[in-house]
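One chain comes next, on its own, written out as structure tokens in the form predicted on its own.
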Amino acid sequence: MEVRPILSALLRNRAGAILVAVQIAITLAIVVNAVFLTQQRVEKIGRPTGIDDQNIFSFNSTGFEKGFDFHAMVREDLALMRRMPGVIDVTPMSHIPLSGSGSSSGFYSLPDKKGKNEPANIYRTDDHAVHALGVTLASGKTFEPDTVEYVSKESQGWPPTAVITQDLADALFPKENALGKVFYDDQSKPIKIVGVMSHMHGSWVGWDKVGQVILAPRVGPGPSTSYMVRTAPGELDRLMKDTEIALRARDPNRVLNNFKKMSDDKRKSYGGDSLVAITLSVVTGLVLIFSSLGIFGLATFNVNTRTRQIGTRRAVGARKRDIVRHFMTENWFVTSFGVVTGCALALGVGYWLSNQFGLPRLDLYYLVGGVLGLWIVGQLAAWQPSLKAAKVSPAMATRSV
């Protein structure tokens, strides 16, 4: 097929072709970056938390009576709940992972605020925490029961041992086995690592240090604590009700509230990311639809305004497939001009987003996918008008003379 007649035809209607090419370029820039950002959000939401988050619920217990014995309350609550059928394990915790609420601090690999300094999510809990959370120990062990401190308001500093995540271990002691090593708080209090968890998310899923977590063997000082209850699969809903009834019956003179599933906390924490992913997906779909309509409109317009030309070509021997090929090729030139321009625009937008909002750089695989996708969309949009052109009979050339 000769290219020159096709280019000549395009140049005679250059305004329409340029407008469609510009539309395709903008579409490519928007779609590629939107799909890339959507994929980033989807991957973030789908990250494993390291916790058995589908089978855990939490709640708060607060004593308020005069002479209230916080430590006794915790011990008796734990003993009662651990005996309940369907409960795998229970642990008291200072904060709830994935909830968006918690505490953190910086820790050092050497005393006197020297060496590596890394922040970490902090959870004060007991020796059942690893099992109750469903996290996996990569090395070492959890706390011995006699190392768990039930503290008062006057207690200061840190307990001498901790279980930490592999992320924090790698950050504090790069390329070293952290098990058995000592790290330090900002008062140079030494803390020995007795266990290393493979992975666990902390409280803030948007924090890039969410995987740096410390479990400290300390409960209190009260009068309030949170409990995390891990249940057998399928027992969560029943045990949320039964646990509240059992604890209220055991001690009605305290406040039990905020019963919630960990899966709901997780969904709420990722709510913003889910909304962004949905919005970008809708925008991507709309932009593609409008771009397809633009290509379809241009192809239809060309067919309608060149009926005589098509009839003449048919009269001198052009076959229907030659006509289809002509218009498909013409459309391919317009689309190609648009995607080439769009590549530069997409890279520019990606660079700007990366610099302005600290987002990852646009992966070139997405750009290649966008180009191929728009080529396919362009050809599909031009297919029906091209078939319509092929149906023009040779007699149309003489009728319009």
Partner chain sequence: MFAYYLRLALSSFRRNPGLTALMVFAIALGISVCMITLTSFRAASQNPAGDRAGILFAPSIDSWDPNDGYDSPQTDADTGRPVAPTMLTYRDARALYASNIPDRKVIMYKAGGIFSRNDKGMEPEYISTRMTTADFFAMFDVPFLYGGPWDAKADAGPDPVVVLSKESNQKAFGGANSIGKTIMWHDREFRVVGVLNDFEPVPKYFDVSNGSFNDMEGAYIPFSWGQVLELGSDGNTNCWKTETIESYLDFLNSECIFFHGWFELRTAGQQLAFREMLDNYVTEQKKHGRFPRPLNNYLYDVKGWMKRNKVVDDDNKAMVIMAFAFLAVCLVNTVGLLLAKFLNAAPASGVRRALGASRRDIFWQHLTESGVVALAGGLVGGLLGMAGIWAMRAWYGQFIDQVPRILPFDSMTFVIVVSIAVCAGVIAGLYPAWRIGRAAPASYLKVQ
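Residue numbers count along the first chain shown, from 1. Keep in mind that this is a model prediction, so the values were computed, not measured.
One more form of this protein should be noted, the form predicted together with its partner chain, which is absent from this view; the next part is about it.
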If we define contact as a non-hydrogen atom of the residue within 4.5 angstroms of the partner, is T27 a contact of its partner chain in the predicted complex? yes
So in the predicted complex, does D208 come within 4.5 Å of its partner chain, heavy atom to heavy atom? no
Is K116 close enough to its partner chain in the predicted complex to count, meaning some heavy atom within 4.5 Å? no
Would you classify S291 as touching its partner chain in the predicted complex, given a 4.5 Å non-hydrogen atom cut-off? yes
Only hit among A79, A249, L286, V316 for heavy atom within 4.5 Å of its partner chain in the predicted complex is L286
Considering K241, K153, R83, R321, which brings a non-hydrogen atom within 4.5 Å of its partner chain in the predicted complex? K153
Which of 180-188, 86-94, 71-79, 160-168 lines the interface with its partner chain in the predicted complex (heavy atom within 4.5 Å): 180-188
Counting only heavy atoms, which residues in 274-289 are within 4.5 Å of its partner chain in the predicted complex? L275, V276, I278, T279, L280, V283, L286, V287
